[in-house]
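Shown here is one chain on its own, the form predicted alone, set out as structure tokens.
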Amino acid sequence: MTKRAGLLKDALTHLKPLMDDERISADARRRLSQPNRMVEVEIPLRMDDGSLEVFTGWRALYDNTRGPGKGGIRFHPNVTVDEVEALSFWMAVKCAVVDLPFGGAKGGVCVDPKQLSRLELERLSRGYIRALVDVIGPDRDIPAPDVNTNETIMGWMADEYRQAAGKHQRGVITGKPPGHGGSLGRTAATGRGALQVLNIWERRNGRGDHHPTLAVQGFGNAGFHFARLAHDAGYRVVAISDSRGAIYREEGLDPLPIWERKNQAKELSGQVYCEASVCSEVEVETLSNQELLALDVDVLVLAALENAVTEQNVETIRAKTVLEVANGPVNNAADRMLHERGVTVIPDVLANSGGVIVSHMEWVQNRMGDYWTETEIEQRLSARLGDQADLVFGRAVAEEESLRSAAYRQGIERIAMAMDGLGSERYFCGDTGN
């Protein structure tokens, strides 16, 4: 396997247990050791004050054997080429785990979007698409929202592609606003899917009537919708955090008023209830992000960024189950240590696949020119995710391996089958049975 640096190197360690598996051909292992393509672009941006800034962006296509690339675009000041490559690898595995006809891709721009005006943000979003118009497309590589990007930004990007192509091609971007080809149910899909996977795992382990205590690290789109839906289903959400800190209340928190307050005041505080001009705030305890990770809860929900749990802080984790709603929030070393301690980690390539499942539905709707109701979307999401989660969980029990190993085997085997279907080394050396 080719040596890679940093985050991608850590991500590829999950392939090592498959190296001696005869079900995975040497050709497939070799091809999956590095991305197909990485494009780096410089995006000039005219600021509101008339000055010019230049931002670096990337788009990685890891593999497109099973279909066009699929993956989000993130705007973040710490985005790197290594991070984008690793995220595109996870996307390739994820799409195969839930049996979608997509490969894996990812994009990013190294920028702090909180420092941009909305007009600057629009110009940057459109500039990113102009720079990459030749490498994306509804049958080539299909972007979607990710960290610090949303349906409005996806709408700008789809519109910019329309202007460049000279025609509507709705399927080039998913996660768009409804009315511009966006699918109902897409915004909450990642959180909804993660909760479904957790529910299935709880029922399989005889805990269907027990609603665990939850601590949620990360209160962006995915973290909020997961927490809201979990609260509505009877789970006790005792802690929530964002990039600035965390709040804790043993009796539980209601995520919806906290979300509304956060969007108004731009800070995380207690839940607020108002009647006319009189408001009262429930008292909460403030914590650091590291203190939230160390809470004694049933389920620790990681919905922020990668490498939230590493060998440096894994010993502080006291939760019985870790649910990965973010991409790569537990590094490989910490994952092994948690497994040795008997902590269940429900892996990202299964747990957060609800978003890409509904993105696939949006892509299908765009192509057929007809749209499903939100109820139909949720039913289709539940059916696909339920079937694929049961396969992963069943495999983990049968093979006596971790949920992550089972999920990776499921995804990699499907990619390898597609690769080998066009011929492998064994085939070209004369073994017509393979």
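Since we're looking at a predicted model, the values are computed, not measured. Each residue number is its position in the shown sequence, starting from 1.
One more form of this protein exists, namely the form predicted together with nicotinamide-adenine-dinucleotide; it is left out here, but the text below deals with it.
Peer 1: nicotinamide-adenine-dinucleotide isn't shown here, but in the predicted complex which of 312, 243, 316, 117 has a heavy atom within 4.5 Å of it?
Peer 2: The residue from 312, 243, 316, 117 that makes the contact is 243.
Peer 1: Going by heavy atom distances of 4.5 angstroms or less, which of 326, 86, 154, 198 would be at the interface with nicotinamide-adenine-dinucleotide in the predicted complex?
Peer 2: Exactly one listed residue reaches within 4.5 Å, namely 326.
Peer 1: Please run the contact check for residue 303 against nicotinamide-adenine-dinucleotide in the predicted complex: heavy atoms, 4.5 angstroms, yes or no?
Peer 2: Close contact exists here: in the predicted complex, residue 303 approaches nicotinamide-adenine-dinucleotide to within 4.5 Å, heavy atoms only.
Peer 1: Answer with yes or no whether residue 147 is in contact with nicotinamide-adenine-dinucleotide in the predicted complex, where contact means some heavy atom within 4.5 Å.
Peer 2: Residue 147: yes, in contact with nicotinamide-adenine-dinucleotide in the predicted complex.
Peer 1: Check whether residue 289 has any heavy atom within 4.5 Å of a heavy atom of nicotinamide-adenine-dinucleotide in the predicted complex, and answer yes or no.
Peer 2: Contact check for residue 289: yes, within 4.5 Å of nicotinamide-adenine-dinucleotide in the predicted complex.
Peer 1: Is there any non-hydrogen atom of residue 219 lying within 4.5 Å of nicotinamide-adenine-dinucleotide in the predicted complex?
Peer 2: Although nicotinamide-adenine-dinucleotide is absent here, residue 219 would touch it in the predicted complex, with heavy atoms inside 4.5 Å.
Peer 1: Is every one of 74, 94 and 352 in contact with nicotinamide-adenine-dinucleotide in the predicted complex, taking contact as a heavy atom within 4.5 Å?
Peer 2: Yes.
Peer 1: Looking at 162-170, 360-368, 177-185, 211-219, which lies within 4.5 angstroms of nicotinamide-adenine-dinucleotide in the predicted complex, counting heavy atoms?
Peer 2: Of the options, only 211-219 has residues within 4.5 Å of the partner.
Peer 1: Going by nicotinamide-adenine-dinucleotide in the predicted complex, which residues of 114-128 come within 4.5 Å of it through any heavy atom?
Peer 2: Stretch hits: zero.
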